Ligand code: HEM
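Below you will find one chain, with nothing else, as structure tokens; this is the form predicted on its own, and questions on how it binds or moves follow later.
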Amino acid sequence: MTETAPAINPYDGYRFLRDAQPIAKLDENGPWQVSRHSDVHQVLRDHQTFSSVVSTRPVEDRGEPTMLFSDPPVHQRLRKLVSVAFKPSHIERQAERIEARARQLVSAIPKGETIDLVNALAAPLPVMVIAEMLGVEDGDMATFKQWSDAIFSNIGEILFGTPSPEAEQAALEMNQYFLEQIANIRRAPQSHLLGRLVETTTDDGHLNDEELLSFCRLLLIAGNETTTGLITASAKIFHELPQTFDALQANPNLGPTFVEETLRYYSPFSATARRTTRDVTLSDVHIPKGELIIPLIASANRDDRVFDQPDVFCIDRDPNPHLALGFGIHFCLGAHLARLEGKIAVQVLTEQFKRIRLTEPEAAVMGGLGGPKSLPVVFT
């Protein structure tokens, strides 16, 4: 029987970087890592100096730009087209539907048995919500999630190298699926988000198929990974700090601040990427033009220069200026949706169960991209 090596806690490494090498190029040919809150905040808010167009792949191989990896004016045009669908008032109108979906999923979870929380709740809930917005039928949900996992797990290779065959095949299948959906909508208009985008007229006319596909890819990836990471992080906190579960049962109004502190404590996205458009000095460190910058969001959210007792989970922390959902023009478009889904999921879990226990807590490492892909738990 072989023993599994203990998982490395990335937050120990983040603390070392903040204290010893807050802006560091750890490898001669590698990117610059930025670990303190003030520096990460500056990088995220200054889109003119720190560009989101980071890919080194040839322009002809990138396809249409997405909001995640574009700068103004392209970014504003794309964001404006979909921002209406993500207005807080529009998202709040989906609350009952999201709660119904959450209760449906939670009611199927057995008590006293080990189950994978990712498969049971954390992945399907946000996938269902985004899929409905894009007109995906219930029967296609599992395939929809498989595409998301294959593409998201290869995001680094997609941007900077050669995508894996699995990622390329997933993208091909997803593109074909949505091209068929778009063709059907052009013949018979639909009222969901994708239907409205197909009908949208811009200064350049209607969106073409590739532009519509870029929105589908963006929503598929960015629209569900944040919530999946938020729900798995919540479960890990319930395991490590069962008093938080008790507090939410006693006072459900703590839900919003619990969600914010979870986003800070175990950020769903540990980092993002930018590229310098000019020579720049960041906290007395000179960085040349064209360099890749990695703002370590998870590290910034544990910076004791900003947060009192940053390694302590405070369920009612206020203020809480975390950067888990970004900042500036690239602030997460689906932030309100992720918060709502997270709050509802936590509310339903604390209503239905008395305790949540991780069966492999040492393997549930947070601080990566989108949270763990599997999280075995037992509900009692």
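Residue numbers here begin at 1 and follow the sequence given. Bear in mind the structure is a predicted one, so any value in this text is a computation, not a measurement.
Beyond what is shown, the protein has a form predicted together with the ligand; the following relates to that form.
Every residue in the set 79, 331 and 337 has a non-hydrogen atom no more than 4.5 Å from the ligand in the model of the complex. The ligand in the model of the complex comes within 4.5 Å of a heavy atom belonging to residue 274. By the criterion of a heavy atom within 4.5 Å, residue 324 is counted among the residues contacting the ligand in the model of the complex. Within this chain, residue 349 is remote from the site of the ligand in the model of the complex, having no heavy atom within 4.5 Å. In the model of the complex, the ligand sits beyond 4.5 Å of every heavy atom of residue 178. Picking from 280-288, 224-232, 165-173, 242-250 the stretch near the ligand in the model of the complex, with a 4.5 Å limit on heavy atoms, gives 224-232. Checking 98, 130, 150, 197 for any heavy atom within 4.5 Å of the ligand in the model of the complex turns up a single hit: 130. Taking a 4.5 Å heavy atom cutoff to the ligand in the model of the complex, the contact residue among 216, 122, 296, 263 is 263.
Contacts to the ligand in the model of the complex (heavy atom within 4.5 Å) from stretch 68-94: 68, 75, 79, 86.
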